[in-house]
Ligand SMILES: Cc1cc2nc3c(=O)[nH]c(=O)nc-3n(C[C@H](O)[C@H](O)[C@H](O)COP(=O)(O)OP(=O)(O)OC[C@H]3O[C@@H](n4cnc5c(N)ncnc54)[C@H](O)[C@@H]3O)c2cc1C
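Next comes just one chain, in structure tokens: the form predicted on its own.
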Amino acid sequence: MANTSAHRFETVVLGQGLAGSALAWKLHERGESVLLVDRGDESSSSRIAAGLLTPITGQRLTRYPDWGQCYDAARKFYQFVEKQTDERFFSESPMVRLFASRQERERFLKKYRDADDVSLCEESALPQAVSSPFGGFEMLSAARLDTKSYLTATQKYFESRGGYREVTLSLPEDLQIEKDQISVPQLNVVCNQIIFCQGFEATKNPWFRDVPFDAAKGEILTLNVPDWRESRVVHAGLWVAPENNHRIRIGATYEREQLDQCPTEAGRTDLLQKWNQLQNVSREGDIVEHRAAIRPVIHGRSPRMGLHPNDARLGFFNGLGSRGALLSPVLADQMIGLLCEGIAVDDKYDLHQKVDLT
């Protein structure tokens, strides 16, 4: 017999990182009843992420495909959430990238000489606090999401409406997959569908454990550097992002063997060496915080989403990696199209193009 006193939701979203939060907001905006469920892990990759949105990345200076569409969608979405929560966590500001070599500078001039959203820096516009022998360029169209503030504001908003629970669920034990509903007895909740947005925790999910992750651990340092005067984010083999109270954040490392959330001496040393090599003068700064998390990268480095072939009430939305702040809003729209209108997602994001779950 069904528990008539249980709280009923159309959708439960398991995992309140960047993917889960964007999906919950999109469902809420459509008038759907949604419950966000999260472990409350302060060391999740979404919470410690730098939240940088930039058009050009990598050694080959590659512009992200569909950058304009993704950036416009992200701006509109975060400004909407700011209005709903009466909080501020999204800021648009140019960022600067320094060339690693003369060849990289020539590559930039060949590819982007006539671009309207990036420009070669005059010497006076280069960061004065760091060494830049080959110059650099400014990304005029760029932004930063304070991911921790955004996720906290999202949690508070849904919690105030009965749409958030903090709990660690064991799968499959804590779910009851019934003919006409999915029950979560621990929460006294029933729903019509559940979407798993668990990050690297999805490797333990019995329905989606065959998804091939190629995850990487990343470490980030927060330093107290009173004489740092550069207000822009600087990219130069690592990123340097200014914070309040004379602090900066620097990151990030890539480690594929030791996949845990434990900061390491090797990671600390690597970041400090790059930081000291970047500066004109030595000022290591006091370490305020050292954090580590696992980036939920799926093999092929492309996000994936889809419904389980044996039960379409179970969905998967994951693998946003280091571009979660940029991609989560536009990909959440695709997931909404699949869930609510049966519209197939793009092949490059289709879970079933990557793995057979039958």
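Residue numbers run from 1 along the displayed sequence. Source: prediction; values computed, not measured.
Although not depicted, the form predicted together with the ligand is the subject of the following passage.
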task: Determine whether any heavy atom of residue 23 comes within 4.5 Å of a heavy atom of the ligand in the predicted bound form, and answer yes or no.
output: no
(message) Contact with the ligand in the predicted bound form for residue 295, defined as at least one heavy atom pair within 4.5 Å: yes or no?
(response) yes
Using the partner position in the predicted bound form, report whether residue 345 sits within 4.5 Å of the ligand, counting heavy atoms only. no
Query raised in the report: Just to confirm, residue 168 within 4.5 Å of the ligand in the predicted bound form by heavy atoms?
Result: yes
Here the chain appears without its partner; judged in the predicted bound form, the stretch of 65-73, 23-31, 36-44, 305-313 with heavy atoms within 4.5 Å of the ligand is 36-44
Within 308-323, the residues having any heavy atom within 4.5 Å of the ligand in the predicted bound form are 318, 320, 321, 322, 323
